[in-house]
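Take a look at this one chain, the form predicted on its own, written out in structure tokens.
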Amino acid sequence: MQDEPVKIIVPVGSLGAGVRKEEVEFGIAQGAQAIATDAGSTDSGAAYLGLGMSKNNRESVRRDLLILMEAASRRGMPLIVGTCGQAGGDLNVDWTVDIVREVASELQWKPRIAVLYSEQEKDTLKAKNAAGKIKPLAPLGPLEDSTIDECEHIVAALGPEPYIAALERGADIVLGGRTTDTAVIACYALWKGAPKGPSWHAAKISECGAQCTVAPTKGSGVLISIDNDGFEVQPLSNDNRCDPHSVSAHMLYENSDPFRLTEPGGVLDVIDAVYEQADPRTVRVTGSRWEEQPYTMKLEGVKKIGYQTTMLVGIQDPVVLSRLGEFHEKFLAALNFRIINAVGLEPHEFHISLRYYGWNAVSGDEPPEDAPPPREVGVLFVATGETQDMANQIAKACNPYFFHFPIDMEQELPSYGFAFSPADGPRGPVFEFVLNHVVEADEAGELVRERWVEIRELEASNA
């Protein structure tokens, strides 16, 4: 490793969430040598991989990239982005590449851009599966080839090695497909020869930017400094600070074991890690270890399960609100009967649900018997069909029942309030994750495709 610590700006938890220019400048003033950031996750569901779209709007991502690329070009430091476009599929990555090219043109900068794709060919995975090199993660069982065929898109979470290879070949910007949050941040330090334990641990702590600080809302990013014996982390905002609790607690973020974290090629072990307050704003961490393991990559695949249409109605009727459990069962049964008879579908050809917001929509659990009635509830109706037209027709057939459906048929009809007109809103295709498996790679770059955006491409795009 080099004599001086390796310093990396992690400007934000996810690209597009709001980089702060003054924080980036602070990191540069502290001697930062690289900028690294995650740009997505599975947190927001399967649709972003299925549709190849970003959760963030284009302008917010462009704004963040403008700040980061200007700093990188001015200081001659690499900019590294993982899980581009929210889900890291090929379409998501290419969407980000287009924005980077646009910003580069605005800055009159002609960087060398390495693009790393992690979307997988189905035949490749079937061959791996036949060789016994794909293993399930709980609670799933062995992978069937039919499940692979059902997937619209499949990505494998990259480790740091493809990023290191791109940096070695002179990349100014590296844009990666689906990548572990930690790998995209650890890669630069590992490339510079920093110890693996501190490099991976620093990356894990800083993956969400200022989330590892005492007051996450007071800033966006952090600066990590990795040396031969450990690492330090401090906020990029002078109004914020880290303490041992805020830093150590982040090992629990999206991780069931606060002491061990599995990554491609190994496991980070922090059971003997020591967290100390180095100064009022900075925490120093020592004792992190890295255990080498066979190289595996997590697979994420999405299947289209149909098309949906929704309706939203508000209920304030006190009789209904006092008997919501009973009302739910009667209403759902009436709607199913209506669909079978008015639309002509068999029960296995559609699915509907009623989600009572203000009662149990989030958990689905039955409230305790002594729970007081809510003031009002919002009932979200969700219809799922094989086609969008089918989902639309189901909603239209059910629409009249949402005006006055009574809990007691012999009583006067109540009235409910639609939130919108037209009441039904088509959602388009819907997806679900169907892969929760790891694939063994013979070497780190085996399941990665690389493309370079050269200077001449940028010139041609402006012609």
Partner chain sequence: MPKLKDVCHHIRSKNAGPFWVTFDLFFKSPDMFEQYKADPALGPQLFAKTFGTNPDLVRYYPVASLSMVKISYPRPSPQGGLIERDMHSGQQYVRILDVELSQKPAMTG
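Because the structure is a prediction, the values reported are computed rather than measured. Residue numbers count along the first chain shown, from 1.
As for the form predicted together with its partner chain, it is not shown, yet the points below apply to it.
Between its partner chain and the residues 249, 91, 319, 127, the one pair within 4.5 Å by heavy atoms in the predicted complex involves 249. Interface residue among 240, 282, 384, 225, judged by heavy atoms within 4.5 Å of its partner chain in the predicted complex: 384. Remark: residue 56 does not count among the residues lining its partner chain in the predicted complex, judged by a heavy atom distance of 4.5 Å or less. Remark: residue 426 does not count among the residues lining its partner chain in the predicted complex, judged by a heavy atom distance of 4.5 Å or less. Mapping the unseen interface onto this chain, residue 362 counts among the residues with a heavy atom inside 4.5 Å of its partner chain in the predicted complex. Although the partner is absent from this view, residue 257 contacts its partner chain in the predicted complex, with a non-hydrogen atom inside 4.5 angstroms. Only one segment in the set 61-69, 397-405, 23-31, 43-51 has residues whose heavy atoms sit within 4.5 Å of its partner chain in the predicted complex; it is 43-51. Candidate site formed by 140, 308 and 431: every one of these residues places a non-hydrogen atom within 4.5 angstroms of its partner chain in the predicted complex.
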